[in-house]
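Okay, here we've got a single chain as structure tokens, the form predicted alone, with questions on binding and movement later.
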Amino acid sequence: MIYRQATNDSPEVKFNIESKILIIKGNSYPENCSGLYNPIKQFIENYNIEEMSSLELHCHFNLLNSTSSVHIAQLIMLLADKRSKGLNCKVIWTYDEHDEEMLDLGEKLASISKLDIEFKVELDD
């Protein structure tokens, strides 16, 4: 299990080894994006496809700065690379109902990576 608690400017990150689900959820505009995302990228790079045949990534961001967007794009591309090597991967991109920018980003990432990203709308109350 990997777990990092959310703060005001950084998302919650958790990986459940049994379900093989990696969740990144919340705000992402930390001062040190590399410090937050490089360990996640390294985790995906080192992900053992033979032992762990699948990985599901859930992303849901409230706020995302441009540097975080670059790191998320790199994560998605790493998954696309792992898929080409045999990993069964799925990406679920959740965005708030009125957040067209977050939907656009997810669509761009799907286009660039050639991954079938599943889009989910979170309705405003």
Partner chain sequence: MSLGKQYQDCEKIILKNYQDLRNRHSDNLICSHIGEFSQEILISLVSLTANSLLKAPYLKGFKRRLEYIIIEIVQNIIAHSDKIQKKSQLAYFMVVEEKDGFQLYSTNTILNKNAHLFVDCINNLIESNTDELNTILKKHLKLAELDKSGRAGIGLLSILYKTDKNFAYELIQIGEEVSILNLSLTLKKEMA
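Numbering follows the first chain given and starts at 1. Not measured: the values here are computed from a predicted model.
The form predicted together with its partner chain is left out here; the points below concern that form.
Of the heavy atoms in residue 81, none are within 4.5 Å of its partner chain in the predicted bound form. Within 4.5 Å of some heavy atom of its partner chain in the predicted bound form lies at least one heavy atom of residue 71.
Contact between residue 9 and its partner chain in the predicted bound form is found at the 4.5 Å heavy atom cutoff. When its partner chain is considered in the predicted bound form, residue 47 lies well away from it, no heavy atom lying within 4.5 Å. Shown without its partner, the chain has 9, 29, 30, 31, 34 in segment 9 to 39 as residues with a non-hydrogen atom within 4.5 angstroms of its partner chain in the predicted bound form.
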